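Next come structure tokens for two forms of one protein chain, structure 1 first, structure 2 second.
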Structure 1
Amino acid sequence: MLSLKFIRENPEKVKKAIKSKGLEIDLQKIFSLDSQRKQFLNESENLRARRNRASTEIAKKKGARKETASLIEEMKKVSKKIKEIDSFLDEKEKELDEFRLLLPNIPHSSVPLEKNLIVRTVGEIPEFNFKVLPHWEIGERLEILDFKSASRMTGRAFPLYKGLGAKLERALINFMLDTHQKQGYQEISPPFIVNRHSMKNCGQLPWLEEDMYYIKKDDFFLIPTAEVPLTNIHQDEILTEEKLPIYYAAYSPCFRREAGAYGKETKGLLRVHQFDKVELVKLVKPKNSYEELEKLVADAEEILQLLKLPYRVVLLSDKEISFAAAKCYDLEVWAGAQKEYLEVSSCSNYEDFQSRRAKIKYRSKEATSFVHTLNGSGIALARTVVAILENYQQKDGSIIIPEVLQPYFGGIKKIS
């Protein structure tokens, strides 16, 4: 959420951010609401000052009932008027807050305009002397993926892992959590269902509600990412300066309808409604947040490096970064049969956009300030499985298990 002060002082920047996200928002409305709020606030303060002066006068004339009776009666009317005005003021404050929830974050000055920037490419794309089968085909041949059963029990775009396929998922989760623990992250096992307030705090609502799985009876949401519960651990808290930075890592299933994704490639595991992910979240001091973003990207990259999967790092443009992010890097892994890079992680700095919504602050010697929040996938498993099945595929139809995962397989080195 943007501060009112920032919006007042930087209307053109806000308009530009709105345009880059393809949103239609009349910014003039917020200035009108702010003006009305100020009028009610001034009127309330003037009436309070008047009542305070009258109270002093009444106190001086204590015992002189005849002289103060009319003034006391007048102040009763003033108090009633103050309550009415405060009610209007609360209404305008709520309208302002709801309107501010619609406004996107402002891209950092280092974010490229219009077009994404490939920052670096790591690892060599493997060459094969045989036709590489797509993951859905090799997965079904090896009986480690079963899309037909998943479709019958639930519907399209839900995966089912079997046997060594399920073991591969579990091995990846444990490997990622173990790696991130060594990097200094505290492991968390969060709820997989959150309330509306928590979703708003992370910027998932109001714009993305159609993409979410919603439990109407309780007004709850299945989480789209563990970012939501992790960020909300400290909602409505003032942290001590010594407690920062805070690093959290969590495994969770993620649920997304992806209402706006129709027409995109949906075969196999490429675009599913439920997928596993290990998520990284940081709460840091503002002065360190962009340095922390680079470290976050490096932490997520280490997973791909240890798996020996070729990938690239992409700095997203102002048009491509998410609604809540100020700056974002995508990690894209190469998939041999797809012959393209697939996004497996987005590492973002939200600055104080989320912490203003969630009211997460820290107290230093100088002042009390909002923390900066960051998050990144470390990494999304569905497309990582795609990359392993398509890059580690052998001519005989078997899959070599990446070396770093073999300890989690109890001596098994390939899936055949």
Structure 2
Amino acid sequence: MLSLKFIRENPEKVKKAIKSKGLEIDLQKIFSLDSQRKQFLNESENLRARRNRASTEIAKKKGARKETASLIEEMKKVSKKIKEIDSFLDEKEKELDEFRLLLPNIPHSSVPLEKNLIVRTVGEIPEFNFKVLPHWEIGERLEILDFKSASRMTGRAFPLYKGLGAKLERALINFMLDTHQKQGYQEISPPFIVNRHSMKNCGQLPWLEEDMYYIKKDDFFLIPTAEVPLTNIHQDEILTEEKLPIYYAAYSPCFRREAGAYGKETKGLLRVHQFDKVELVKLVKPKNSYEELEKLVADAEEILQLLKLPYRVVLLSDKEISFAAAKCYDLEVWAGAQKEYLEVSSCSNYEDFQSRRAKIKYRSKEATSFVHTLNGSGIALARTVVAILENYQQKDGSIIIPEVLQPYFGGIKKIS
């Protein structure tokens, strides 16, 4: 959420951000709502000040056994008037809040316009002297993936991992968490279901409600990423300065309806409704949040480097960047049979966009201010499995297990 002050002082920046997201929002309406709000607020506060004074006076007079009826009579009218004005005020404030929730974050000045920028490409793209099978074929053949039974028990695009496939999933989760722990992140195992409030805090709502799995009975949502519970750990808190920076890492399954995404790029594990992910979240001081973003990207990259998977880092343009982010790098891993790069991580600095919604602040000697929140996948599993199955594939149809994962396999070096 943007502060009213910022909107007031930088209308052009806000308009530009709205436009680059393809939204249509009339900013003028915010200004008129705001001035109406102020007017009502002022009027209400003046009347309240008067009532407060009268209240003490009544109390004193009663103590001295003096006449109070006329003053009470007058205050009856004042209270009625306050109620009336407050109802207008509430209305304006609600409208204003709803409006503000619709406004996207402002991209940082280093964000490229229109087109994404490939920042770096790391690792060698493997050459094969045989035809590499797509992961869904090799996976079914090795009996480590079973899309058929999963779609029967649930529906399409819900994966089922079997045997060494399931073990690969578990090994990756453990490997990632262990690595991030060494990098200084505290491991968290959070709820996988959150309330509406937490979803709003992260910026998933109001725009993405259609993309979420929703439990009507409790007004709960299945998390689309562990970012939501992790960022909300400190909601409504004022942290002491010494606590910052805070680094959290969590494994969670991620649930996404992916409404309207059918068709392209949906085969096998490429785009699924449930996938595992290890997520990194940082709460930091505003001063160094952009350095922290670079470190976050490096921490996520380390996973790909250790797995020896070729990848590239893409800096998203103002058009591609998500609603709540000010700057975002995507990590894309090469998949040998798809012959393309797949997004496995999004590392973003949200500045105070989320902390303002979630009311996460820190107190220093000088002032109390909002923290900056960052998060990044470290990393998403389904597509990482795709990359392993397709890049580590051998001519005989087996899959070599990446060296760093072998300790998690108890001596097994290959899936065949």
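Structure 1 provides the reference sequence; residues are numbered from 1 along it. Definition used throughout: the rigid core is the maximal C-alpha set that superposes within 1.5 Å between two forms. As the structure is a computational prediction, the values presented were derived from the model and not from experiment.
Both panels show the same chain in isolation, but it is structure 1 that comes from the form predicted alone. One rigid block turns against another between structures 1 and 2, and the hinge that joins them sits at Lys38, chosen from Leu315, Glu351, Lys38, Tyr214. With both rigid parts superposed separately on C-alpha atoms, the smaller turns by 23° against the larger between structures 1 and 2. Overlaying the rigid core between structures 1 and 2 leaves the Cα of Thr56 displaced by 9.1 angstrom.
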